[in-house]
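Presented as structure tokens, the chain that follows is alone, the form predicted on its own.
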């Protein structure tokens, strides 16, 4: 059977191949040529990338060098086509490491190579799929309930089905996608390159943009669900109210409510929470907001029946969502008033709204391992480098401004980008340049659209606090009145209220929400003492602010969870839960590490990363390679098994 990543045979004409090569990433193309020819000399000569930057599309090489590579590639691809597109011979591990180093213009440390090899699946093997060991009858007696059908819930369903374990997914929405179902506001798009923001075992060669918009993302998950036959296992428009553990039977009773109010109880041997951290909208309480006579809604509950053309729109909040909404609606509204509490750091990404050319899609579909190497190319610059950049140097002066020499460099780079986009507008510059260390809050990407929007005549950025709302206006604390026909709340989510509002009751009637309070925690972000056979995906301490993607983290977590369930079934065990000392030690270690990073700086205020006490319990402070290693398989000594 042909390796699915080795490309699909083709009969494309020489002329059409030449046109396609004008689109592609030239460094990625060169590695595909190595696979086609088996000749490493192609990357041992003069032709090589000049550097690597985040969100690369075509490669950093001179135009002359690119043209030379295209000429070599045309001859090589023509020969490969005329030979019938044979599947390339496997490449040695040492050669693959050399190819990695060449592509990213630096030495990839040995400790990363196994993780990257697994992520790329160059041999066509999905090693994150857990091998089945127990017999069928044992599996059929171990039903699992998965809460949520976003990207992590779908992944859970796929892995459980592969393992032959019966499962039911309960989803409160009418369709799949989680955040990509709910956030359908204008301009909604992903901020991780799409060719990495997809399952490692389900790459797509059809993305139309490098950072796809919401409809395309939701359609991707829909297609994956259909391909794996997961939809039949989902109860749509059904919300989980709570779950209670029964120690005698070793089961969870999961209470659900359908849209018509019907309540039912599902009994499961294990529960997997895949609800995410950004799914419960947060709307601030503002005096008078109930008196507003026009439409008012949260960005995650966008009302598509409301016509914005010619209207005066007040957008309260300008974080990640507002940052995308404003450019998408500014041209059609009469007036857009943006109320922003604090300015956001952003870094330049000229490809943020760029379309994927037909040549790239052709290469992804046909050229051996082009898609795998491109995935690696966009993964590596965001793999742990951001974590070191976030580390605080306690001896660095003026921690209000920056936390290290590297952080100061980032500040200067981002400041130059911001000022270059707004021209001679000192008043606006004072509003949009943050007064806290760079990357201290969620850092946004900009191709100039946000800043250009703020310079429009019909757009005003207001940094003054809101005092109250009137029937047709928003009034700030200085008494100024801003007329409005529509209010959009782009005010984020209850990120720190993990698993809220569900009532999860563990052993001896312990309530999980009461146990956690404002400080949610889970061992490896996955399991909690006293809550047997409860597994979290995207649980406490697993949100990523330094790189990677949540899909990568979800794949790590689900392999670990499947391994735990395998241990329960194969060993005939009733339950497992982490030892209290493991849980405590993990949380203490994580907290100590977080305090060394820029996100915890006192100068960073109004951050959704922080709880009411200014502490951070939702972010991961760990390198991706470490988390990958820790979650490859469960260490049973870490658990109390009954």
Ligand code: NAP
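Numbering follows the first chain given and starts at 1. This one's a predicted model, so the numbers in the text were calculated from it and none came from an experiment.
Another form exists, predicted in complex with the ligand; not displayed. Remarks below refer to it.
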Test of understanding: in the model of the complex, would residue 586 fall inside 4.5 Å of the ligand by heavy atoms? no
Indicate whether the ligand has at least one heavy atom within 4.5 Å of a heavy atom of residue 491 in the model of the complex. yes
Taking the ligand as it sits in the model of the complex, is residue 553 near enough to touch it, meaning that at least one heavy atom pair lies within 4.5 angstroms? no
Is there any non-hydrogen atom of residue 515 lying within 4.5 Å of the ligand in the model of the complex? no
With a 4.5 Å heavy atom cut-off to the ligand in the model of the complex, the contacting stretch among 252-260, 340-348, 301-309, 220-228 is 340-348
Quick check on this chain: which one of 564, 534, 320, 326 has a heavy atom within 4.5 Å of the ligand in the model of the complex? 320
Only hit among 423, 571, 284, 109 for heavy atom within 4.5 Å of the ligand in the model of the complex is 284
Where, within 429-449, is there a heavy atom within 4.5 Å of the ligand in the model of the complex? Residue list please. 441, 442
